[in-house]
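Only one chain is shown below, in structure tokens, and it's the form predicted alone.
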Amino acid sequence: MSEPLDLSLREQAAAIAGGEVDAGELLQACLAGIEERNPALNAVVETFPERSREMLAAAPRGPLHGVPVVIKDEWPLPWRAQRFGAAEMLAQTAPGESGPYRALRDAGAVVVGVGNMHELGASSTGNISVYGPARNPWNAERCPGGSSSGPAAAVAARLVAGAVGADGVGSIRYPAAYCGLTGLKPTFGRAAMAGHHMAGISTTIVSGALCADAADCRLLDSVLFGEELRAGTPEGLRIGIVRSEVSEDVAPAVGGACEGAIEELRRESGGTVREIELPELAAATLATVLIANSESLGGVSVERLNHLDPELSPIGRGLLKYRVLLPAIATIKAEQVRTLARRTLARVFEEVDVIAWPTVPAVAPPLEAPLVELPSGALTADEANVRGGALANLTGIPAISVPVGSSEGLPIGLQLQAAWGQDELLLDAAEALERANGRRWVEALPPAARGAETLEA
């Protein structure tokens, strides 16, 4: 058998259940690995060995019994309040049993650490945090993606086999693409959300898994959903593509890899590819940003904004103040765009099963200057990435990012989106794509992982 830390999430669970791996020894090895290899990545910002051992001692014989996982700094734990990677939040936070924590605990998993995240969850890059930036395991000078930067970097480096993130405007899918992982943004309302300070307010944020492959995501998301996500084999998959900036204003290597992956998926499933129209796509991007920011206005006051913690970054301070300038009419218009986009998608999903385009238009940019070079010119990673990530959050449909190639030694991700409640179909399609490419990309390891070899295109 491979070293326990090198096993997949489901293999760790099976090995523990079968008595082949001692859960206590796995936990100790995981903690030792984080201590040894995390400093170069800053993926995990806090461990709590005694709490983790207490969780293991009380762990029920669930589907993840004894398996160590990392949870994003967006979810409170009974012994630790979430900090959102920031020196200060306007909303009050406190320790508590968040929905993801309870789901993990009841499944027998062990929370081994808290994953870093972009300050206030406000970027797709992960290059700003009160803890310092997390780093991409493929190249430590590159962005790991955000805002679930630490969970993604921890899994990619195989510090843990699975992690829980959160996706409000692409925050699971961006780091999945940058770090070469599979990351599912669930249908809105389907995954555990209790305990999040925006629960009951946000109409875009969901919890979700970041793992090496689709089968591990299926297992971890089943726990977060509170129901088994059954596996199937997609046959005659109808794949929709959009001829717009999300698929055409992308780096050539990204466009080529994603087009090749779509054709592989078509062949594997015996399906078809057809062009579709999404006329609200550009407006949906702006609408998502407006809604996400307006829903975050709780706790805002002039007095609070004039006395922000000096450790908060200038960008973070500016974003907090920007929110109070949003006119109410803009949010109303954004909701109208949401309605139009949902109606369009309802019609589109009568004609296709999944929509495919690049998760992000370029590979991970430098931490110091997160800019990407596209056919249209140089853009910030954030303004480029949100074009492909926002629609799923605005409308509530599920979306998944799967690794499909590489460029400059960095991963490339393809995003698949499906109709509401079709999360299982996305996982099935991701597994079909893995079969089509011989699992080449899901089994590739970054330099920061033990025993890894350099990724070649």
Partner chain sequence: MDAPNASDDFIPAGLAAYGIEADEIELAVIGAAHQTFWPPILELLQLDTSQVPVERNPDLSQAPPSR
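Numbering follows the first chain given and starts at 1. The shown structure was predicted, so the numbers you read here are calculated from the model rather than taken from an experiment.
Another form exists, predicted together with the partner chain; not displayed. Remarks below refer to it.
Partner proximity in the model of the complex, defined as non-hydrogen atoms within 4.5 angstroms of the partner chain, places exactly one of 145-153, 310-318, 246-254, 92-100 at the interface: 310-318. Proximity to the partner chain in the model of the complex, defined as a heavy atom within 4.5 Å, holds among Ala231, Ala81, Ala378, Leu340 only for Leu340. Of the candidates Val69, Leu394, Ile400, Val44, Leu394 is the one whose heavy atoms come within 4.5 Å of the partner chain in the model of the complex; the others do not.
By the criterion of a heavy atom within 4.5 Å, Gln336 is counted among the residues contacting the partner chain in the model of the complex. Contact annotation for Val324: at least one heavy atom lies within 4.5 Å of the partner chain in the model of the complex. Contact check for Glu373: every heavy atom lies farther than 4.5 Å from the partner chain in the model of the complex. Although the partner is absent here, Asn139 lies well away from the partner chain in the model of the complex, with no heavy atom inside 4.5 Å.
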